[in-house]
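Quick setup: one chain, the form predicted alone, written in structure tokens, and binding and motion questions come after.
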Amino acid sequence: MMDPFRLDGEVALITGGGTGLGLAMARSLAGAGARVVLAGRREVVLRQAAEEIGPACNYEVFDVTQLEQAADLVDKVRSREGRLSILINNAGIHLKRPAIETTEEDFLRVLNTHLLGAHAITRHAARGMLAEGRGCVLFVASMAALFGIPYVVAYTAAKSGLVGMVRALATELSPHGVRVNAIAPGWIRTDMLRHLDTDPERKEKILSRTPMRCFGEPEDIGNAAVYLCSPAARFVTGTVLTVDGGASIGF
């Protein structure tokens, strides 16, 4: 029997794929047999990531806020790889600032990256998937879309918007064979979490409300992405999979 968690023959495009969770997902998808294309702004970082992953990985320099270039990116991937069957919208920026100090420019910058950028790529990628009658689109949400976190009002609005987009897209695309889901990572050991080493009070607060009493590892998100993009999840669409050690239900 074929392993339902394998991704042989699939081609995945991952935005923000050169570092952090994007890189972790790229490693896992490539390990499951997919060809992977990383997209991001820094060519040096992308090249290093692609070399680390190996022959199954390539990259394209791309800024998700340049909405008019989304179609060209999708066309390049399809032309070089022959198809595009998986899209992972991972690129994003963070902004930690009190709500009353968050300007309209701040807000728009975050929304443009997370929402408009993701929608632009999805719009073009989905056309080819619909033509094939199959495909998978995956978004990266956040704990901020599930409960209130102070000082991240723009980020929270963006990630909450992504969750709504997942549900709306799933109702439109899934009848035609294209599944749409999201992963909501908890606190994962990436470079963004290193600041907690100098903030023991904040670290303990997070762990105290996480039933598993530990942080996640990047491969936890990678493995979740493999599942949601694989035939093992063929009947899963419109859902947000929390990978958080129970943080979203902890008290």
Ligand code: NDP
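As the structure is a computational prediction, the values presented were derived from the model and not from experiment. Residues carry their position along the shown sequence, with the first being 1.
Below: the form predicted together with this ligand, not depicted.
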May I ask you to state whether Gly222 is within 4.5 Å of this ligand in the predicted complex, using heavy atom distances? no
(message) Is Gly135 part of the interface with this ligand in the predicted complex - any heavy atom within 4.5 Å?
(response) no
| said: When the contact criterion is heavy atoms within 4.5 Å, does Val74 count as touching this ligand in the predicted complex? | reply: no
Would Cys57 count as touching this ligand in the predicted complex under a 4.5 Å heavy atom rule? no
Among Asn181, Thr122, Ser85, Asn90, just one has a heavy atom within 4.5 Å of this ligand in the predicted complex, namely Asn90
Only one of 146 to 154, 127 to 135, 164 to 172, 90 to 98 sits within 4.5 Å of this ligand in the predicted complex by heavy atom distance, namely 90 to 98
Of the residues spanning 45 to 82, the ones with some heavy atom within 4.5 Å of this ligand in the predicted complex are Phe62, Asp63, Val64, Thr65
